[in-house]
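One chain comes next, on its own, written out as structure tokens in the form predicted on its own.
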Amino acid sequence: MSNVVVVLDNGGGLIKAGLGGERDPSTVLPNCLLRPLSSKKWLHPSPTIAASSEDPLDLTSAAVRRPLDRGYLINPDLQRDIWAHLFNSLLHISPSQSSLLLTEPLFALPSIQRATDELVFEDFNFSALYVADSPSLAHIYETSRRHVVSRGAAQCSLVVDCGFSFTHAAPVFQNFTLNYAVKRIDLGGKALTNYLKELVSYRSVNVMDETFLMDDVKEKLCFVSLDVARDLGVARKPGKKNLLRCTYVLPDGVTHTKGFVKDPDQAQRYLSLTDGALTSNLGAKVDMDHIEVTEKPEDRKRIDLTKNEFDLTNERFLVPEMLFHPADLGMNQAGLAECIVRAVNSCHPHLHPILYESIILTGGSTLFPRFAERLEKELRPLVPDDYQVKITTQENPILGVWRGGSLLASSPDFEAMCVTKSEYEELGSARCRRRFFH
């Protein structure tokens, strides 16, 4: 078998790709094709790591085609096109002389697994394949860098993976994900961006076609509230008393093709709202009622459509709030804290204390400020008092899974774990898949 191992974390939003044994992926790029208004062709997006601050492509109202929907491969032809560009133009590798470590979402259907195997072995002719799931790789990376006190914590952790398509709470034991205990919320970064689009379009300016722009708004301005009732009260205050209001400037297509935050310092003012301000919470509620009665319609802020910008107030924390209360979006699903408790309760009772004290957060949606703090606050009342709750956010939640894959690919046992092309041709997809214990 060849020595080159390509590690490919094939996410619904971003592809992270590089060679096994390296610390960081060689390239990170959106897993899609784009068609800007200025082009008639579908184009490959430029890698996000190498992209300069001024990307030559103006992505305003660009149409997007994705090979994955709700996390699963629905368009193998499009995925083949994106991978061919990745392997030939960005990684410069020869698949026939390489092995592939590929991430796949949990609970992939056999037909999807078969389509993936066909892509890998028949279209690209890789010499060998290993398929892993994200939680086990995140666990491998985290235990490798953690100074583990107890042996139990080294073998066992609960990975909360908030990705592009959905959120999983997955217990991992001895580097294997316990499938029977995994719990899922059908909410990820894509749904949160779409919800933000709807809020902004309803309140100020139509941004329903601006996927990349609203992703940027979400990443730069959204945060997790530690006290929603208090922050809703603050968001109603006029003028400078409103610590949550900030302005985002839209691209004009002439001087700048990317949007930006008008006053970054203003956007950070919410950090002064600490739990110490909770004493004024009661007053804030009374104040809100008072405002509701006295405010006249003509005093309300009118949207100036001539300006190329919009203000955000309570949208900043109501969007990430959906992960903790999906019912607010009309979804009949539990919030993240309850999801974690259900996942832990599905495991053997001996594992419960170890899982609660080794919760690992990974995935781009965990990057919201105060995410871990709020999760601990929600989780503590649901967990028995004699159990400790310890939440660790990965140093880079977007690259953590890839780094775990890179570690696994460089381990001496990796070659024996793979399925080779000759085994695939002899035994078929379903038989080979049993080796991965999925």
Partner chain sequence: MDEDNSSPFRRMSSRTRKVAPRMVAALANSDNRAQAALARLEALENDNAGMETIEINEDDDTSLDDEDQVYMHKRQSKGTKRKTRQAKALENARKAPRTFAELLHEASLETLPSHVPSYLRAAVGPPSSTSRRHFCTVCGYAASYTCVKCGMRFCSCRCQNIHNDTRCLKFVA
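Just so it is clear, the structure is predicted and the values come from calculations on it, not from any experiment. Numbering follows the first chain given and starts at 1.
What comes next is about the form predicted together with the partner chain, which does not appear here.
Of the listed positions (Asp252, Asp209, Glu309, Glu118), a single one reaches within 4.5 angstroms of the partner chain by any non-hydrogen atom in the model of the complex, namely Asp209. Checked against the partner chain in the model of the complex, the residues Arg80, Arg342, Lys220, Arg145 give one hit for a heavy atom within 4.5 Å, which is Arg342. The closest heavy atom approach of Asp133 to the partner chain in the model of the complex falls outside 4.5 Å. In the model of the complex, the partner chain sits within 4.5 Å of a heavy atom of Tyr72. Within this chain, Tyr195 lines the site of the partner chain in the model of the complex, having a heavy atom no more than 4.5 Å away. Among residues of the shown chain, Phe107 is one whose heavy atoms approach the partner chain to within 4.5 Å in the model of the complex.
Comparing 229 to 237, 356 to 364, 88 to 96, 259 to 267 against the partner chain in the model of the complex, the single stretch with non-hydrogen atoms within 4.5 angstroms of it is 229 to 237.
Residues Ser165, Asn179, Tyr180, Val182, Lys183, Arg184, Ile185, Asp186 are the members of 165 to 188 with a non-hydrogen atom no more than 4.5 angstroms from the partner chain in the model of the complex.
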